[in-house]
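Next up: just one chain, as structure tokens, the form predicted alone.
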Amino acid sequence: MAEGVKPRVKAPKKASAGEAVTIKTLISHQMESGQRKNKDGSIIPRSIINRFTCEFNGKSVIEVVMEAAISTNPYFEFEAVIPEAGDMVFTWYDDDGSVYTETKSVAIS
């Protein structure tokens, strides 16, 4: 598991039914390519975020597959339609098998 990984999500707490809202996500992650060496000359294992998903009440909103050239601390901004009150679950998947999750609840106003 990578150290210091912190997912952040900015999503509205309330929305009107059927409203399109802007979601912003950022995950603090160093992204090791597997090509660098540490001080003793051994290769630092590859550890990159390779997939990001967002679900609303169990239904897929967005899924992004990332390749090795992704930057450190990947940021995503997208719009989602909020049909009803519920939970948005954001998940980031790491090459090393780690999974990072953040949940935000959205109420109908």
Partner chain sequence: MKFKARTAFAALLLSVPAVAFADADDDKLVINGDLEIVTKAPAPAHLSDSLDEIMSGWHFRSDETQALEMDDFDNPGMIFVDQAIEAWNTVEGAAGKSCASCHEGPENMAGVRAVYPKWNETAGEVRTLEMQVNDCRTSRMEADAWKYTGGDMASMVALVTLQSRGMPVNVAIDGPAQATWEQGKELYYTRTGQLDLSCASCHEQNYGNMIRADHLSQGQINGFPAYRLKNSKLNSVHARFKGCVRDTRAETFKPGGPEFTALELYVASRGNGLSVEGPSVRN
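Positions refer to the first chain, counted from 1. Here the structure is a predicted model, which means the values were calculated and not measured.
Beyond what is shown, the protein has a form predicted together with the partner chain; the following relates to that form.
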| item | value |
| --- | --- |
| One residue of L26, M31, A80, V64 in contact with the partner chain, assessed in the predicted bound form (non-hydrogen atom, 4.5 angstroms) | L26 |
| Non-hydrogen atom contact N50 with the partner chain in the predicted bound form at 4.5 angstroms | no |
| Non-hydrogen atom contact V9 with the partner chain in the predicted bound form at 4.5 angstroms | yes |
| Heavy atom contacts to the partner chain in the predicted bound form at 4.5 Å, residues of 58-89 in sequence order | N73, Y75 |
